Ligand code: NAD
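Given next, in structure tokens, is a single chain: the form predicted on its own.
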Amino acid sequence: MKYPPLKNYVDGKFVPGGGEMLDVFSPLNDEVISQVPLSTSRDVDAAASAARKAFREWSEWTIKERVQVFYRYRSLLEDQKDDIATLISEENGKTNEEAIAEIEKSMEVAEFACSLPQILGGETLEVSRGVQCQVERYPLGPVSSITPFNFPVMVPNWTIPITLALGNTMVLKPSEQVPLGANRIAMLLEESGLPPGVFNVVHGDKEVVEAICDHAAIEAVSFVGSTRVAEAVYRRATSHLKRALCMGGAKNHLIVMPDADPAMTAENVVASFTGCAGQRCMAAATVVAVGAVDHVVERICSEAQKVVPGENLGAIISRAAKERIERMIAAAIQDGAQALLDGRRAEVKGNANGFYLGPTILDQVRPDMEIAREEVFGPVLVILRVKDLEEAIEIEHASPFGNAAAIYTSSGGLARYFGQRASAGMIGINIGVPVPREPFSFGGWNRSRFGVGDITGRSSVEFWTKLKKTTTKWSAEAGVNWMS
């Protein structure tokens, strides 16, 4: 193994987990690169207890003092960017360029956390003669973040800098498929000056997730993953009267109009559906081709052939995931879809055992097909043909998901019309991955999100804090009326 077996990180120390060890495979070559503990509820209890103990002192630091940690943390992410990117690529299968982008987004969230002292100025108003009302934000206490395999560093950093800067403490449960990044984050935070117990990592599987949802000391839970699990986590956490914000899957529709710029559209659509090997909830999944757009479809196919597995296209996370995607492709073709590009025989020299799948484009797909309804999570683009924009919007509305939707057009009027009517939380105009940049927040609609608020940006502040309102009167001379 390239890396030693992992431990949990509790109260500022790396400690063994209580369960058996699970092999960690690299998708690049199917080699075991480490092992991760399948921790138990006792491990969760130890981490939650450490977080509860650390909360009193950490929450008493001023926010200006707390964000100093994240100034240093952001600098360490930048200084160690290349090394961390290698780690991400090895455990997740991303290209180096994609891994670097993941770290840079993490840095951006840390920068936003550092701006919180300027954003969170308290509100004070004289509401009656001699009477003042003041509103202040307070942290919740120990909280937890449960993160997926597809972004080992970025998604944990959606929550860590903001949550901790606001004064909370945390138990992080990373995906057992990509556990190395979480331990590196713990080391960086410790080096940045974060006190012991403020940030803890517990590795594991379903038992750890359920223990987090059930633990009395944990006040709030965030989750990112599939819709099925997101809903289950939301129901379990809220049944214990916790706050919960759970981000699920997606089936994002890209509407291509006849007046779309062919070159820009093709380049953008291909980048969207092949980026991170399609393993992201913001990936293009479905092109809804409106009217006469064969010239754009041909350009998309031509552009997709420039994407080469092992060069500018990363690996699928596991053998099982790759086989599931291939089964969905085969079923669609058997059901009448036309394969304009078939990536199922992808080979990468020197990594014959890697889990690679080339860009795949299926045309003449019907809305009732499984591949048009379900999240594929691979470099697969399906094309649905419609006669007009209204029919395209009907298809987009029929999806139970609502993460993102985009339109490719040269018409500002059509773009605005679609943007107002699409049933999604993030809209792209000639942009296939419309991820908001900080301070704007990330979050979808419908069954792509369970809970209230978004997971990053200004909206996340609402989720991770509670309000205290103080009404004050000192001057008896001010007189009395019904408000005082």
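Keep in mind that this is a model prediction, so the values were computed, not measured. Throughout, we count residues from 1 along the sequence that is shown.
Keep in mind that the form predicted together with the ligand is not shown, yet the notes after this line are about it.
- The stretch among 193 to 201, 355 to 363, 384 to 392, 171 to 179 whose residues place heavy atoms within 4.5 Å of the ligand in the predicted complex is 171 to 179.
- Only one of the listed residues (418, 58, 70, 442) places a non-hydrogen atom within 4.5 angstroms of the ligand in the predicted complex, and that residue is 442.
- Just one of 310, 249, 141, 262 comes within 4.5 Å of the ligand in the predicted complex, counting any heavy atom, and that one is 249.
- The candidate site formed by 109, 112 and 159 is entirely out of contact with the ligand in the predicted complex, as no residue has a non-hydrogen atom within 4.5 angstroms of it.
- Contact check for residue 152: every heavy atom lies farther than 4.5 Å from the ligand in the predicted complex.
- The closest heavy atom approach of residue 92 to the ligand in the predicted complex falls outside 4.5 Å.
- Although the partner is absent from this view, residue 271 stays clear of the ligand in the predicted complex, with no non-hydrogen atom inside 4.5 angstroms.
- Shown alone here, residue 229 lies within 4.5 Å of the ligand in the predicted complex, counting heavy atoms only.
- Of all the residues from 178 to 206, those having a non-hydrogen atom no more than 4.5 Å from the ligand in the predicted complex are 204, 205, 206.
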